[in-house]
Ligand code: ADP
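Only one chain comes next, encoded as C-alpha cells, the form predicted alone.
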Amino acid sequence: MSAYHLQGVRFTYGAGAPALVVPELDLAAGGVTAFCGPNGSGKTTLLHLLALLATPSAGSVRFFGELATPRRLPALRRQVSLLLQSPYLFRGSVQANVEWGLKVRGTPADTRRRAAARALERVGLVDLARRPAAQLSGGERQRVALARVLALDPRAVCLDEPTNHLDGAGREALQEVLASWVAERGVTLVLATHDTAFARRLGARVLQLAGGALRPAEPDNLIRGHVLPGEPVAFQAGRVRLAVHSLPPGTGWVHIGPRQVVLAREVQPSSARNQLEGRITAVAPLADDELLVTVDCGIPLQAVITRASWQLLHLEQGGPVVAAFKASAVEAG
C-alpha cells in the first residue's frame, strides 16, 4: 500500500519557473524515504506538500489512497506531523509542550498525560518532564519536539534536517527512536536531509533532488566500527583498520563516497593511506558511461569508475583489485 502517490505534480512560486516537478512518485506505507540535495533543490517544498501544508500548482497528491482535496485537507492533516529542524517550544514545562497537540484536539487530560509520558520515555526525557522548556539545550529541545509528534501517533511524519543540531551520540539516539517507531507502529517517515549516511542507516530509500527534479541517489559506503582507543586517526571495522583524519571519540559509523575510492590492479605509490586488496563481487551500469563496482576487501566497498578505466585496467568480476582512498575521504557517519 502507498502512503503517498503523487501524479503530475508541479509547484510554482508566483510567476517564475516551477520550483518542483514530480511526474510520478510512490512512497510505501511504513517505509522510510529521504530526499537529499543542496539548498534550493526543492526539498522543503516537497516536504510541505507531503505534510499536506501546501497544495501543488498542478497535479494530485494522494495520502493512503485518499485524494488531498481542499475539502479533505483538514482531516488528512491530523494524520501527518511535520518536525522542523528548529522546532518551536511554548513557555511552560516539557510535559505541557508534549501534551499540547493532544490538548488542541480535545483529548482528555488523563489520556494526554499517559501519551506524553510514553513519548518522553521513548526519547529518554522522562526525568525532564517538569523542567521549563526554556532551560533545555538545543538537542533536548529537538527531542521534546519529537516526543510531541510521537504523542500524536500520526500515520506519517515529515522531518526537516533532523540531524542538523545533533552530535554523534544524538544522531545515534535519534536513529534508535525512529527505527523502533517504524518497526513497532508502522509509521511512514519522510526526511529532507543533507545527511545521507543517517538516512541509509535507517534503511531509507534515498532520492536526490536537483533543480526541483528527482533522481536516484548514488550509494554511500557506510561502515560500522569504532575509533581505536588513544588513536583518533585509526578506525577499526571488523578486521580492517582504516587510516582517518581525527574522528570524535565514540564515532560508530563512517562513510566514504564511492567517487572517492580509486581502483587499481596493485598497490600504488600514492598519498592514499588506505589501500585495501580485495576482489570484485559485482558490477552495475550507471548513467554517463560509468560503472558501480562492488569490492570485498574485508569490508564491502563501492567505487564509481568509467567504462574506459575498467577496460584500461583489465578488471573483471571475481578478479583481484586494490581499493584506495585518502584518510580525508573517511567521514563520520
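Numbering starts at 1 and runs along the sequence shown. Model, not experiment: these values are computed from the prediction.
The discussion below concerns the form predicted together with the ligand, not included here.
Contact check for Thr55: every heavy atom lies farther than 4.5 Å from the ligand in the predicted complex.
Though the partner is left out of this view, Pro38 does reach within 4.5 Å of the ligand in the predicted complex, counting heavy atoms only. Contact check for Ala19: a heavy atom falls within 4.5 Å of the ligand in the predicted complex. Contact check for Thr294: no non-hydrogen atom falls within 4.5 Å of the ligand in the predicted complex. Heavy atoms within 4.5 Å of the ligand in the predicted complex are found in one stretch of 58-66, 43-51, 277-285, 296-304, which is 43-51.
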